[in-house]
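Quick setup: one chain, the form predicted alone, written in structure tokens, and binding and motion questions come after.
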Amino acid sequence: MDCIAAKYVSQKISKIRWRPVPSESLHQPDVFATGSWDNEDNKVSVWAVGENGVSSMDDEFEGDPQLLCETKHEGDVLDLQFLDQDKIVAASSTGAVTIFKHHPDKDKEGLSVAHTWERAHRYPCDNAPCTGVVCNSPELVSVGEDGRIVLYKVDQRAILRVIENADSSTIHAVTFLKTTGVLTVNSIGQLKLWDFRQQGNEPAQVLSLTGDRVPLHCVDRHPNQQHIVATGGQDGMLCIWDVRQGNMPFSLTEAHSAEMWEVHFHPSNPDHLFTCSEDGSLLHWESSANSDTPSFLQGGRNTSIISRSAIAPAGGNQSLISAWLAGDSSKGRLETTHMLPSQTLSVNSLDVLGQCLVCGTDGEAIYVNRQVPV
């Protein structure tokens, strides 16, 4: 745990994201953004670590996050995504979607508002919180408590398309499944696929948890095999789905003892997955289909698995099946490691890129680990 740097920032962190690294770059990420919530004045902030974060102050050490700039944000930051190297998109509890531009000039580093879509999410008589945004430049999609899905083009002021009444319940999160569509999760345990090539307001596919309609809070798709999706929700269960087969999750894993707030596949090594929770834990999951011995106890945690068998696509290559869909989970291996030195208040958000992991908490702390074993 010596490789973890902690920074106390006097604000509850709701969202945290690494700035993307150019594809041709060999460097590790060194700049990230945060959004706050439940504070008197909420902020979007940009931080640096590593060489960019070295401070001349004696009480700081290399790797300790250093604040580069920040700006006030109206309402709670409910989601935060980098659009590109210098633009950050924020979702607000006021219903607004705002693009901030980062100006990295050393003399006058700062954040400015490039554009705001006010009341992108709304009820007839009031604003509705915008709960999630996802970027695939130049396109941007937002979802909200109002059950709307809104499609934007970054270089256009007008909204491109709205799917009204996409959901009768709150949509909690959204991710691009393909360039032509998105995946949403809602407060009654449903996962919906939307194809923007279709003109109607109906989803192309609906998947759901059986039994109790447990709210789903987060979703991420496998970076290489887009039919594989991970979700987490109010009951702390980690669900892996294969959207090609059936409408139920492929596997369910008892991950956390309280709400799971975020789940992320590692973008370049997706046999690794990370989750964070209201219970104050941040977990690193490593899946492998090549082991005969299950190892559920690493990190001192007992994880139980309920699984359905994966079926190889007709004529498919067995070697192309992800470790997450490796058939009976008892024949595979799922190693779980606690990534924080001790449990804290709710870990609300995490992001991982290269060997660098960052998370933000209700304990007004940011944790950075630049030596993640992936």
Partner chain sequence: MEEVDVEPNITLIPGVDFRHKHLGFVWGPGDIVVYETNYTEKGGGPGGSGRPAIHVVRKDEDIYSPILRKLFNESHHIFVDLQRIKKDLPSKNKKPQFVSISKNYRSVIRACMEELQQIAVSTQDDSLSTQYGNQISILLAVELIWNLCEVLFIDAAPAGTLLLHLLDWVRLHKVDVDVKAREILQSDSPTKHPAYWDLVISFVLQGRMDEARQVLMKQASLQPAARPMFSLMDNLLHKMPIFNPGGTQTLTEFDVKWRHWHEECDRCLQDSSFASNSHLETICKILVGDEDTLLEQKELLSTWYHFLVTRLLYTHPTVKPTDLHHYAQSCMHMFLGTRNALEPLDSILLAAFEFDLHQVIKDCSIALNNWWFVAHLTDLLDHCKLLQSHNLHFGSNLREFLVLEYASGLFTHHSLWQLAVDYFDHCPEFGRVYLELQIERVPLDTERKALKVLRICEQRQMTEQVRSICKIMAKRALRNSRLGSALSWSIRAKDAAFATLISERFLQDYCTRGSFSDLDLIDNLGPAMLLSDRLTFLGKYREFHKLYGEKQFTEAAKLLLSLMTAKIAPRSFWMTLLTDALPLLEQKEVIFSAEQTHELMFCLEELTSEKCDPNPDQPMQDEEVESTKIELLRLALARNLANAIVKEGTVEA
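Numbering follows the first chain given and starts at 1. None of the values given here were measured: they were computed from a predicted structure.
Here the subject shifts to the form predicted in complex with the partner chain, a form of this protein not shown in this document.
- Proximity to the partner chain in the model of the complex, taken as a non-hydrogen atom within 4.5 angstroms, holds for one residue of Asp195, Asp271, Glu259, Glu139, which is Glu259.
- This chain is displayed alone, yet in the model of the complex one of Thr275, Ser93, Thr98, Thr253 has a heavy atom within 4.5 Å of the partner chain; that residue is Ser93.
- Three-residue candidate spot Asp30, Asp220 and His264; no residue lies within 4.5 angstroms of the partner chain in the model of the complex by any non-hydrogen atom.
- Listed stretches are 127-135, 221-229, 174-182, 108-116; the contact stretch with the partner chain in the model of the complex is 127-135, by a heavy atom cutoff of 4.5 Å.
- Using a 4.5 angstroms limit between non-hydrogen atoms, Gly363 touches the partner chain in the model of the complex.
- A residue is said to contact a partner when one of its heavy atoms sits within 4.5 Å of a partner heavy atom; Ile188 meets this definition for the partner chain in the model of the complex.
- At a distance threshold of 4.5 angstroms between non-hydrogen atoms, Ser23 is out of contact with the partner chain in the model of the complex.
- Using a 4.5 angstroms limit between non-hydrogen atoms, Arg19 is distant from the partner chain in the model of the complex.
- Counting a residue when any of its non-hydrogen atoms is within 4.5 Å of the partner chain in the model of the complex, the hits in 28-42 run Trp37, Asp38, Asn39, Glu40.
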